[in-house]
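Have a look below at one chain only, the form predicted alone, in structure tokens format.
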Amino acid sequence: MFAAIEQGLPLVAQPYLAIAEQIDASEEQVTSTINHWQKQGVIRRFGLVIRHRKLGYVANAMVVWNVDDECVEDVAAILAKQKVVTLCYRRPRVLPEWNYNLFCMIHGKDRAQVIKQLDDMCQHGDLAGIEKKILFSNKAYKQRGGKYSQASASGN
């Protein structure tokens, strides 16, 4: 089943049923196995990979925040609720070079749109006073899901 799901879900009305038919299992067996793997931590995330650039979102920025450790969960909760934020996570600081401990991704059709979205977010979320940097991406790297099977590890 690893090999079947790491290729991505089929773009059909019932993707789990399609996988079940592919591996000679039931749809319930597929969903319960995936749930079990998530609970075990074998699969950390199960979601979509969206090709933003193909949709016209070519200005993509990681905003890095230097948030007091006591407040980071609250600020992360505010960021995660924003419609323009597609990804938000915490990482440890790497002192003395890197003071930032909270990261969020914002996508836009141009840089001005992303900056406006960030400004709006800061004003409405009371985030303006927090030190931050906006890092626009210069290159689109290939996005893909996790690879779990031995066939993928060997390049087959």
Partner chain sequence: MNDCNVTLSKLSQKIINAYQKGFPLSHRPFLELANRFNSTEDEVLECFQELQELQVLSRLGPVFNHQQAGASTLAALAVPEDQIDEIAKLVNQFTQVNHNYAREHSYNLWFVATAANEDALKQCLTHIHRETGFKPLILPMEQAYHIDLGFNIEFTESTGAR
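Here the structure is a predicted model, which is why all the values come from computation and not from measurement. Positions refer to the first chain, counted from 1. Take the two forms, superpose them, and find the largest set of C-alpha atoms that agree within 1.5 Å; that set is the rigid core.
There is another form of the same protein, the form predicted in complex with the partner chain; it is not shown, and what comes next is about it.
When contacts are defined as a non-hydrogen atom within 4.5 Å, all of Ile5, Gly41 and Arg45 contact the partner chain in the model of the complex. Taking the partner from the other structure, the partner chain in the model of the complex has no heavy atom within 4.5 Å of any heavy atom of Asn66. Taking non-hydrogen atoms only, Met62 approaches the partner chain to within 4.5 angstroms in the model of the complex. Gly129 falls outside the set of residues with a heavy atom inside 4.5 Å of the partner chain in the model of the complex. Proximity of Lys116 to the partner chain in the model of the complex: non-hydrogen atoms within 4.5 Å are absent; the residue sits far from the partner.
With contact defined as any non-hydrogen atom lying within 4.5 angstroms of the partner chain in the model of the complex, the contacting residues in 33-57 are Ile34, Asn35, Trp37, Gln38, Gln40, Gly41, Val42, Ile43, Arg44, Arg45, Phe46, Gly47, Leu48, Val49, Ile50, Arg51, His52, Arg53, Lys54, Leu55, Gly56, Tyr57, given in sequence order. In a rigid-core overlay of the protein, Ala59 has its C-alpha displaced by under 2 Å between this form and the one not shown.
With the core superposed, Leu48 shows a C-alpha displacement of at least 2 Å between this form and the one not shown.
Once the rigid core is overlaid between this form and the one not shown, Lys39 counts among the residues whose Cα shifts by 2 Å or more. Distance between the C-alpha atoms of Arg93 and Val49: longer by at least 3 Å in the model of the complex than in the displayed form. A change of 3 Å or more separates the two forms for Arg45 and Val75: their C-alpha atoms lie farther apart in the model of the complex.
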